[in-house]
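Encoded as structure tokens, the following chain is the form predicted on its own, with no partner shown.
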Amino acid sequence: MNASVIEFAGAVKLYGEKRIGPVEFSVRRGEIFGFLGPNGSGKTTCIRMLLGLVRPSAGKVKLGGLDPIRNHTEALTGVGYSPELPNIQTFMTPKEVLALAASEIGLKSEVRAETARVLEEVGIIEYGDTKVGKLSKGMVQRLSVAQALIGSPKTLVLDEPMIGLDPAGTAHLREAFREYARNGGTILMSSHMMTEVEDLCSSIALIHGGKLLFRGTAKEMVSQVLGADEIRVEANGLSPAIVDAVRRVEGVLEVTEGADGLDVKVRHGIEARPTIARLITGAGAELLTIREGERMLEKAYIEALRNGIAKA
């Protein structure tokens, strides 16, 4: 489970005066890895290097331990890819699209069963006989993911897989990706949807202006960029004395009062929630929820693009 499936070792791509890299990170077997960055940052170039579509100007890229340029067929065997803007023939049905994809990787007698399996997996089996041209953008996106899943690949490279999906479609793919990783599959997922990355990905990398700014977990990025973790407390009956007591809890840096509770900034690495919960209930207030702050990765992402990331 700890073997590197994807590896960027000082990879650089030069386009005239524009430089992408050096990019340095690896993705382990069974990991869901989030690749972040604004448009034009170099994410797509890195994905193209990984898929053997672009040759690095310097450094190395490996996929399954192989050079995707020199050993293109072998490296890409067992890899499924879903592009950001899938170009799927509109006159075909999803079943026909997937049957064609299955035949291209050598599946024969299992095509019908395999097509049904992946349509079910992405939640569009009832649209299997509908022309692609009549599907919504979100349905086409799910079909693109289904195409990547044909043949049970060991690795998925997904460029904005959640784009255009409604909440139900997003939830369906989220669970499908988790199940895929639980079964030992590896996912590299490029995305602008920070809430999905925060929820799904065990580790992330951030690239901006061609430079890799960060590699680690979402929590580590939040801590490095924002300098603290956030706790959201919702409670009834919070008195000024209780709020002052929360401010004195070890590790608490700042407490902001709102109409329905408190936003508490805590020094990274200190778990203050049990202490705060006991303090509130012990003082006779009604604790409704106490949880990590929401949209923290999004806040850190925006701040990192604005001011960079301080070294830990």
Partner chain sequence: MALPRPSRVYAFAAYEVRRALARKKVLAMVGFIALLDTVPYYILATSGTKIIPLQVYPYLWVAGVLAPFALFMQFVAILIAAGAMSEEYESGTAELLLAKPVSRTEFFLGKFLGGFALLALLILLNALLSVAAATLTYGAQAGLDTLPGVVLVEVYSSALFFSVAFMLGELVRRSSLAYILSSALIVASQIIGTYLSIAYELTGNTFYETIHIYLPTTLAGSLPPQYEQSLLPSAASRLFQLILGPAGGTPSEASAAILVGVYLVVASSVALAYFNWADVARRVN
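Heads up, when I say rigid core I mean the largest set of C-alphas that superpose within 1.5 Å between the two forms. Keep in mind that what you see is a predicted model, and the values were worked out from it rather than measured. Residue numbers count along the first chain shown, from 1.
Not on display, but discussed next: the form predicted in complex with the partner chain.
With the partner omitted from this view, the residue of Glu230, Glu121, Glu84, Glu196 that lies near the partner chain in the predicted bound form is Glu84 [heavy atom within 4.5 Å]. With the partner removed from view, the residue among Thr130, Ser103, Ser136, Ser152 that has a non-hydrogen atom within 4.5 Å of the partner chain in the predicted bound form turns out to be Ser103. Using a 4.5 Å cutoff between non-hydrogen atoms, Gly52 counts as a contact of the partner chain in the predicted bound form.
Using a 4.5 Å cutoff between non-hydrogen atoms, Gln147 counts as a contact of the partner chain in the predicted bound form. Although the partner is absent from this view, Thr44 contacts the partner chain in the predicted bound form, with a non-hydrogen atom inside 4.5 angstroms.
Ile88 belongs to the set of residues with a heavy atom inside 4.5 Å of the partner chain in the predicted bound form. Annotated contacts: Lys13, Leu76 and Met92 all touch the partner chain in the predicted bound form [non-hydrogen atom within 4.5 angstroms]. Note that among 283-291, 53-61, 267-275, 245-253, the stretch whose heavy atoms approach the partner chain to within 4.5 Å in the predicted bound form is 53-61. In this overlay on the rigid core, Ile302 has a C-alpha that sits less than 2 Å away from its partner position between this form and the one not shown.
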